[in-house]
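Okay, so here's just one chain, in structure tokens, the form predicted alone.
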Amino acid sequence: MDRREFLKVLGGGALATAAVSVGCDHPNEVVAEGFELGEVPTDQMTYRENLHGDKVSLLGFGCMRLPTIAGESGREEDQELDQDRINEMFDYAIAHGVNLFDTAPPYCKGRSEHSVGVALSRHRRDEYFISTKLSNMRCNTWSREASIAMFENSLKELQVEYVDYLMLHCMGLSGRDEAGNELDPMETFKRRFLDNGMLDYLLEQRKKGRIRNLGFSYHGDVKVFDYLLSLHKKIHWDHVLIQHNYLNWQHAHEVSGEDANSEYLYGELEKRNIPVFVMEPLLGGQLASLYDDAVDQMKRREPSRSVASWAFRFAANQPRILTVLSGMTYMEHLQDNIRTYSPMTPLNEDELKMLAGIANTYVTFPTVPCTGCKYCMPCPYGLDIPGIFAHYNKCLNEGDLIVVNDSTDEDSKAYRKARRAFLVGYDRSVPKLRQADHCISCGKCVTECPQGIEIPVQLARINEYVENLKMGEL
């Protein structure tokens, strides 16, 4: 697609002007907006049953991005979580039918489980389900003793005697042994859960009732996913968490670096009647802010619906989806998602075709499949890796800055504005000492990335792109 055609699809000058007006700010600084106003139903939440007959809210409260005093999303070590605001949002969620809350030991720099425990302990235990994970991802937690200690600490922090859902965290990722040698994903899984007897231990805890449902979260290597499902007749997985949205459905590798599309993952789980948890329904927020033509298509069909609501409807459209996890740091996010699932309106064939077309166009953009989880942080050389990727992706989604051939004068004017917006916004969003040109390709971030992104390669590409912009060579 050349630059003229790209600008035509994206809305041309309007998008480039939009990029100038917002300065392509870091997404953490963007306020919640664009959501439908009005009453939020308290008694219309859609529920689906798990294997044991429990009715679980289709909207699950993801607790990786909890509110902080500073108004951010709880990922930085020096950001104090805003417990009062968290309590308020949990209370509101429960009052409006949300009954599943998902966390993990690493979330919010290790503070999420404690904060979730504080907020939920104020409610009756039968009012909510807790989901957490055994996140023994580093080699110093691979021993049986260390892994058991992590599980026991989760119960302590959550202030519960049992967890409703426990997952083996990040199956399919590679790890490093004590000597720093990288291990392939299958070997990593074996060391984390088989060689130390932890999978047998967790099965024992399920028999004792301290774990009511046992599953795993999947990232990356599909061979590990397939192997875990081959154990289903022995293990009887109660649920599996996958990354699922209308981009990952058929374009997972292009947008997320995953080996397998969520169409395949979901299909394999459906064959075995395993309930599905969904993560990243918005692909790290990317599906809440789309190019102009996509937004126009959505608004023509449902003028009052938010752009994000279309992604949430797709994420829950398949019948074996048990719950869709959403990290909600603003009350507006929570309210909009409650409206979407109170009740859930399934997508029809025409709407599914529209989303497939949007996905096909979206994957032609040269974006980085970063979801902003910050597992790659801190960078030993001080780079703001998620900030760099977020700024680059946001600006490219708002106007084409790549190809400059065969452009009209009007397009050239829009290009100059968008070019300036990218460079000025880059300096505003990411301090100069934390920008891509300071990457030395040490590779420490690569094994931490759940999306399998070759981060140094992407940073080098972005740095070359920025330098070419500065030189006026794009």
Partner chain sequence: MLRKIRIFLATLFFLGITLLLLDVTGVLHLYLGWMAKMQFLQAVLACNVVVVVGLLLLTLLFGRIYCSVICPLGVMQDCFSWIGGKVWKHRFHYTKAHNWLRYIVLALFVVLMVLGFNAVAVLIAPYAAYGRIASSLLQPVYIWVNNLLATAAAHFDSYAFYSVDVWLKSGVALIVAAVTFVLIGLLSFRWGRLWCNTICPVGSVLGLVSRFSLFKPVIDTEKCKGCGMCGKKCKAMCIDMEHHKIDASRCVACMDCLENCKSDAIKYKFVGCAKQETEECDSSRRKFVVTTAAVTAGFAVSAQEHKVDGGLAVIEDKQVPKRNQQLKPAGAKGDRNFAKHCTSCQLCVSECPNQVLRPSTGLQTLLQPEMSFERGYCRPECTRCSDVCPSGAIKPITVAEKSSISIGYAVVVKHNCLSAKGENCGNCAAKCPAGAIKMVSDPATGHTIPAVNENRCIGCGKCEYLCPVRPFSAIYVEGRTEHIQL
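Positions refer to the first chain, counted from 1. In this text, rigid core is short for the largest set of C-alphas that superpose within 1.5 Å between two forms. Since the model is a prediction, treat every value here as computed from it, not as a measurement.
As for the form predicted in complex with the partner chain, it is not shown, yet the points below apply to it.
Asker: Would you please decide whether residue 432 lies within 4.5 angstroms of the partner chain in the predicted complex, comparing each non-hydrogen atom pair?
Answerer: Close contact exists here: in the predicted complex, residue 432 approaches the partner chain to within 4.5 Å, heavy atoms only.
Asker: Spell out, yes or no, whether the shortest heavy atom distance between residue 268 and the partner chain in the predicted complex is within 4.5 Å.
Answerer: Close contact is absent here: in the predicted complex, residue 268 is far from the partner chain, nothing within 4.5 Å, heavy atoms only.
Asker: Should residue 71 be classed as touching the partner chain in the predicted complex when contacts are defined as heavy atoms within 4.5 Å?
Answerer: Contact check for residue 71: no, nothing within 4.5 Å of the partner chain in the predicted complex.
Asker: Please tell me whether any heavy atom belonging to residue 441 falls inside 4.5 Å of a heavy atom of the partner chain, as the geometry stands in the predicted complex.
Answerer: Although the partner chain is absent here, residue 441 would touch it in the predicted complex, with heavy atoms inside 4.5 Å.
Asker: Using heavy atoms and a 4.5 Å cut-off, decide whether 424, 436 and 463 all contact the partner chain in the predicted complex.
Answerer: Yes: each residue has a heavy atom within 4.5 Å of the partner.
Asker: Which of 162 to 170, 111 to 119, 380 to 388, 244 to 252 has heavy atoms within 4.5 Å of the partner chain in the predicted complex?
Answerer: Single hit among the candidates: 380 to 388.
Asker: Between the options 305, 191, 394, 212, which residue brings a heavy atom to within 4.5 Å of the partner chain in the predicted complex?
Answerer: Spelling it out, the residue with a heavy atom inside the cut-off is 394.
Asker: Comparing between the shown form and the other one on the rigid core, is the C-alpha shift at residue 422 2 Å or larger?
Answerer: Shift of 2 Å or more: yes.
Asker: Is there a C-alpha shift of 2 Å or more at residue 432 between the shown form and the other one once the rigid core is superposed?
Answerer: Yes.
Asker: Cα of residue 444 displaced 2 Å or more between the shown form and the other one, core superposed?
Answerer: Where the cores coincide, residue 444 still shows a C-alpha shift between the shown form and the other one that is 2 Å or more.
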